[in-house]
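One chain comes next, on its own, written out as structure tokens in the form predicted alone.
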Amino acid sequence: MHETEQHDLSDDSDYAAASRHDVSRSILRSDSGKSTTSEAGGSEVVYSKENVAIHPTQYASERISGRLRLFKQGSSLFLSWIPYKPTTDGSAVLQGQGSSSVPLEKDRYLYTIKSLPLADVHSIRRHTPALGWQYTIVVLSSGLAYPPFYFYNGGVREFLATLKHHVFIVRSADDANVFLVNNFRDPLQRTLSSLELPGVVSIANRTSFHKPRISMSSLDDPERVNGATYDGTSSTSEYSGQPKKSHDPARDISIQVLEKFSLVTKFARETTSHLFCDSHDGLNAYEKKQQNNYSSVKHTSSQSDEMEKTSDMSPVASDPLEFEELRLIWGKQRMHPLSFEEWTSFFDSEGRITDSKALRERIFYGGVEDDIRKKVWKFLLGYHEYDSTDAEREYLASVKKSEYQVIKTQWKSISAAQAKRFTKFRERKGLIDKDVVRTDRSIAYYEGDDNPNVTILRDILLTYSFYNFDLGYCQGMSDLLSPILYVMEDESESFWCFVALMERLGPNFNRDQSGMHSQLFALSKLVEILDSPLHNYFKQADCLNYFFCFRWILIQFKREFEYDQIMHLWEVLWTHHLSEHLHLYMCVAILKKHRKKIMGEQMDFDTLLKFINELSGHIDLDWTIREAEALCTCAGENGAACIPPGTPPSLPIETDMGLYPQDDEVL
């Protein structure tokens, strides 16, 4: 990272434009045109903007609008954002409310900022997307950040110009859109500030912004999470009402921000396409996603070109989404596995699952306990339909067991004389016989000579090669079947669950590798969006085919984690809670984590392939899932646009996988 250089804000075009419009006069007036007023406690409002919104989720309809203000108390400047209070008919009390939904009162208090001292702000990041509204992210000295503030009625440059008049701001040399607040690197400036001369901010009471980083594990401490509203001047919690200890600014900021954002799900780095996904009717869905995608990455092209030009001088470029100094809190906390009691609560009296979406979300964040995994997987894989009754599932099991025996008999009845004249059968059988004796033999369920479970594994794979004769058998299929048989402990049910899984992953094994190519292409585009310096490095190193991730994708990370971990991972992936392609975001997460080593050591393809393979057994699964969730939320519609329709594991259109009886058709 280059040492941050200080630039006067006057070189910013937005600030210059605001100055030409006599900002010194306009910034002291609110949107309603009223002059600045003094509030209780001697506060002087120097900037006020209506209809500034945050987005707790990626859905535009769920935004919360409010009033953003800058006000002075003595020589100190404070920021506040107060959400509008809805009336009984759902409208806003103040003009400017733009949300069509009415968040709960407790949610409004969750995001309220009553008085944030600007002395506790490290930087302000401005975003000006090609499509959509400008927004800013306020980053605290602790490294945490508030949700983005979207300026639906404009006003970003006036906001920055107001700050310029009251606090010391410099533009970061590393990113022109980052404005450092109170960054006193110049000893002379620090001395002048301490004298509280006009136009110079005071730092007498300011805490250092080189504070210890806050561990993400601190979010798991229930004693530090009580949902309190941040208020730099209040002495009591908004919810608990308990008096606090002696005022320690560094501790108060860290704890209170953690208390707030540990409860916030997917609040930050939302792309602007979320806000416009319902407004472009002139394009079909895929074309619309592609257009949004290319528009969003267009503004990064100059930065990407610069990275390529200076790669020799700076082998490890800064990652715009790495934020080592910007510890944003992502997603929900991981939960305990789904228990039998919770599982049964999702069924009605006839055995139907009443809320499949809630069930899948619950499994996504916690997985399932071992004793119910067999039942749960049948639904996740599609062997059972969520709205089927107990009686229907019992009937289905008997029908599918008979069908399995019929298919199995087809190859069982082949005589030795027939096999001599059946080359394809001999080849497939020989390949399966070799693979099954090498599949998960370290697991107790498959270990030992003459293990009957290994025989069942072989029989299921041979039966599938006859069931889907066009696809047949390919290496890697035994890796996918092994955990299913381990969980189901039933040959017929394992077969049909494997059939359901292969409806999604079968294209991975196509002879032309079309399924793998589409996923590797999508992965390349996701890395381009989410980590453009790393993508540019791969381009320079001729690694854009991403074949070093081939094994990860082919068998869904089967050989990268322990056996119990892979079962947990698969049930998370099979929920399709955020995306059918979360495994691709996992690939991005792992690559981003090791980007410094990859780029710093200038790895070529062979070295990179060796490095990726050696990561097996050394990947933090929970961290990777959470990071993939964050990246998926961050990419939003732009990320979805990178993935061509039909890319595995998307289901083929209008298929029931042959699991439910159909009327015979005339051939």
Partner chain sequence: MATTGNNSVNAKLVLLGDMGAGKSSLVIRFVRGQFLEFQESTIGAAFFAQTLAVGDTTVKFEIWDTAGQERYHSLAPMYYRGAAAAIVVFDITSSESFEKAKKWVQELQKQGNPNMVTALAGNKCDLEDKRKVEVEEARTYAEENGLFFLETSAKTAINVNDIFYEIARRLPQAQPAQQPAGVVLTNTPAQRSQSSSCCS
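Values in this document were obtained by computation on a predicted structure and should not be read as measured data. Residue numbers count along the first chain shown, from 1.
Just so it is clear, the following notes concern the form predicted in complex with its partner chain, a form of the same protein that is not shown.
Trainee: At 4.5 angstroms, heavy atoms only, are S65, S115 and N153 all close to its partner chain in the predicted complex?
Mentor: Contact check failed for every one of S65, S115 and N153.
Trainee: Only one of 490 to 498, 546 to 554, 397 to 405, 353 to 361 gets a heavy atom within 4.5 Å of its partner chain in the predicted complex; which is it?
Mentor: So the stretch in question is 546 to 554.
Trainee: Residue-level question: is R511 within 4.5 Å of its partner chain in the predicted complex, judged on heavy atoms?
Mentor: Yes, R511 sits close enough to its partner chain in the predicted complex that at least one of its heavy atoms falls within 4.5 Å.
Trainee: Does Q475 make contact with its partner chain in the predicted complex, using a 4.5 Å heavy atom cut-off?
Mentor: Q475 belongs to the contact set for its partner chain.
Trainee: Quick one: is F605 in contact with its partner chain in the predicted complex, heavy atoms, 4.5 Å cut-off?
Mentor: F605: contacts its partner chain in the predicted complex.
Trainee: In the predicted complex, does E528 have a heavy atom within 4.5 Å of its partner chain?
Mentor: The answer is no: E528 has no heavy atom within 4.5 Å of its partner chain.
Trainee: Which one, K434, R334, R393, K412, lies within 4.5 Å of its partner chain in the predicted complex by heavy atoms?
Mentor: Checking each option against its partner chain in the predicted complex, the one that comes within 4.5 Å is K434.
Trainee: Go through K85, R559, H165, K597 and name the one with a heavy atom inside 4.5 Å of its partner chain in the predicted complex.
Mentor: By the 4.5 Å heavy-atom cutoff, the listed residue in contact is R559.
Trainee: Heavy atom within 4.5 Å of its partner chain in the predicted complex: which residues of 437 to 457 meet that condition, in order?
Mentor: Residues within 4.5 Å: V437, R438, R441.
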